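Starting off, we have a lone chain in the form predicted alone, written out as structure tokens.
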């Protein structure tokens, strides 16, 4: 592991206090999310979507839904990470783009599409949500490290009313909210945390 990556991982903290005067341009957020979604995903079907909250009025409603957590309004933006429990519907554009990029040929594309269509539409909703949640979590973690590398703090929030969120922000049935990520400039030192000894968490068999 490079020294830079090791430092980013070790110094990342969950930030709760942000400088409300700091703005992050939409284009920069898009750039960070583009790199974050290089994360691996099930059959490369990319079962994630993002709602980025920058509008003050929308964030007032979001704060209520998120049990009045102040960083909803003081952070530069809040990224809602959504899962797609019907991600198999991405199969055509995903594999066609791989053909256009020269990564696979047309015959391989048809095999991959056939395999996906034989499997995922028949999986349980629970299984699809589990896969989408795991994959979206990988992208979310990469987003936080990318933000840290750019000098921003982030903090995840799992504590929000997911039913009200879906209703208020008109999510299609295939999408479900997973986590909220505040991003901005930290203006108060985050408290330090510890981890249990890794030898107590690992068994070699």
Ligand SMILES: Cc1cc2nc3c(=O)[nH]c(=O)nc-3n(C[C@H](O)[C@H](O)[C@H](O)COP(=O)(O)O)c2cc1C
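Numbering follows the first chain given and starts at 1. No experiment lies behind these values; they were computed from the predicted model shown.
Beyond what is shown, the protein has a form predicted together with this ligand; the following relates to that form.
For the residues 56, 151, 40, 159, the 4.5 Å heavy atom test against this ligand in the predicted complex is passed only by 159.
Among the residues 45, 36, 147, 179, the one placing a heavy atom within 4.5 Å of this ligand in the predicted complex is 179. Stretch-level contact analysis of 67 to 75, 100 to 108, 81 to 89, 114 to 122 against this ligand in the predicted complex, using heavy atoms and a 4.5 Å limit, identifies 67 to 75. Within this chain, residue 187 is remote from the site of this ligand in the predicted complex, having no heavy atom within 4.5 Å. Mapping the unseen interface onto this chain, residue 17 falls outside it, with no heavy atom inside 4.5 Å of this ligand in the predicted complex. None of the heavy atoms of residue 21 is located within 4.5 Å of this ligand in the predicted complex. Applying a 4.5 Å heavy atom cutoff to this ligand in the predicted complex picks out 179, 193, 195 from 176 to 205, in order along the sequence.
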